[in-house]
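A lone chain, given as structure tokens: the form predicted on its own.
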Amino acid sequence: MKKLLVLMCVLMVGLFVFSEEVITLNLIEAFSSPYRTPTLNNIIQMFETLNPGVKINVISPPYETAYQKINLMVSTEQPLDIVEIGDWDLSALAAMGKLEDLTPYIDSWPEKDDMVEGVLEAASIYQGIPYLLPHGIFVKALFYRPDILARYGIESYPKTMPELYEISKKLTESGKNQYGFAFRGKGYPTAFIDIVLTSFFDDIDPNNMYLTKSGEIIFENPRAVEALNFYVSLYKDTAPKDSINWGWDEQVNSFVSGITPLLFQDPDTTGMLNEMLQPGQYKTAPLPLGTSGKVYPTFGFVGWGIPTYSEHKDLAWKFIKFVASAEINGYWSKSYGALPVLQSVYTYDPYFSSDLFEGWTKMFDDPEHYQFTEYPLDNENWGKWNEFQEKTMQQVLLGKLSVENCLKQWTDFWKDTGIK
């Protein structure tokens, strides 16, 4: 009897210890912000409530250095189970061979067929393998402040690049700390440069933003000289001088304050603006058309991946698909501002068809003028390009490098990589 009692006590203690065992998943995010990270924490809290015994530890490096932090942690196999991966960092991470192929998980996921067309294909750009499941879509549009424009007698947003310059110039009164355009000088300014530069072309390759349809690298075409000179004039004539050092935070804060009421940004900016501005204080519009009569937006994406060395891959996937479910993806997108990855979210939530999204709706409905193209993200030198383009562009803005020499360096970079 005593032996039986002892055995029962041992079993009860074992059960108690087992019930108290906690599995901790380490998650690192790439786009932390005071408006986004709390939403992620809310979702994590919901997941933990539904999954007792599971805790998620969130690592939130500063936005400007997040890619470097993530790449370092993955390359050195530091404890991680869920990694947020941006489209521009995908190739660098995947090339390490330390991201799990999510094909088996995605193929068995019931909501796979509900994904917005093309999103999963875009996420599989590196060797045709989905190393992440996207949770948000990004396309740049024009944000503008109608109240500030009206103060200067401007009745409409700029519809072309020349109008963007003219209106921005009209708004600029440096003595009153009033400017027009929210320039992006640092922190991955690539897309801002390229939106303007490619708008001077009418023959951009739909599969590669840096090539014409004839296969020529755009930077060696004379139109690129005119385009980059125009871009430089936007900075010199219509933007604060310290915007040469601006990243996302500075851009958006300047827009909110009204100092620069014209801004190119992604839909995730709406989450912050909805908190900081009153309804109607900002609107969105299509990107201004270039001298070609066209502009070339790109689809961006961000999602969650799993390191190959994670000891809790199935549990990590359970969280990833939870975030990607229709209800949670709708909540995430609405709070954070990204465009949802599931078609059903657009159907059941009228928020995503409201006037707030007019800029994107008009671009999606007019493929003749808004011709979507792609970045060469599958090129393993892509990560080097962002840093190189920013560095050389800075030299141009500071007057230390001519536009012509800058474009030659860009051309040589892509020739050396064998771009195609």
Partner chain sequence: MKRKKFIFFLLLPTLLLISFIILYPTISGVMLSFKNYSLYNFQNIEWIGFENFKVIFFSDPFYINTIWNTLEWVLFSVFFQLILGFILALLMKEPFKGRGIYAGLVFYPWAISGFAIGLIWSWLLNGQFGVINDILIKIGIIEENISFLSDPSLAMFSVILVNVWYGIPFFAIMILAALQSVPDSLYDAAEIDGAGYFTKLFNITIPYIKPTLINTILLRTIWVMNFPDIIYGMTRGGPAGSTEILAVKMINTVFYESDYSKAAAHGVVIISILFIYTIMYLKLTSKREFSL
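Numbering follows the first chain given and starts at 1. No experiment lies behind these values; they were computed from the predicted model shown. Definition used throughout: the rigid core is the maximal C-alpha set that superposes within 1.5 Å between two forms.
Heads up, the form predicted together with the partner chain isn't pictured, but that's what we're talking about next.
At a distance of at most 4.5 angstroms from the partner chain in the model of the complex, all three residues 250, 383 and 391 contribute at least one non-hydrogen atom.
188 is the sole member of 105, 331, 299, 188 with a non-hydrogen atom within 4.5 Å of the partner chain in the model of the complex.
Residue 259 is the only one of 259, 285, 225, 122 with a heavy atom lying within 4.5 Å of the partner chain in the model of the complex. The shortest heavy atom separation between residue 242 and the partner chain in the model of the complex is within 4.5 Å. At a distance threshold of 4.5 angstroms between non-hydrogen atoms, residue 143 is out of contact with the partner chain in the model of the complex. Interface membership of residue 97, defined by any non-hydrogen atom within 4.5 Å of the partner chain in the model of the complex, is confirmed. At the 4.5 Å threshold, heavy atoms of residue 85 stay clear of the partner chain in the model of the complex, well away from it. For the partner chain in the model of the complex, the listed stretch (242-250, 333-341, 226-234, 133-141) containing residues with heavy atoms inside 4.5 Å is 242-250.
In the model of the complex, the residues of 70-90 lying within 4.5 Å of the partner chain by at least one heavy atom are, in order, 71, 72, 75. Once you line up the core between this form and the one not shown, the Cα of residue 72 ends up 2 Å or more from where it was. After superposition on the rigid core, the Cα atom of residue 308 is displaced by 2 Å or more between this form and the one not shown.
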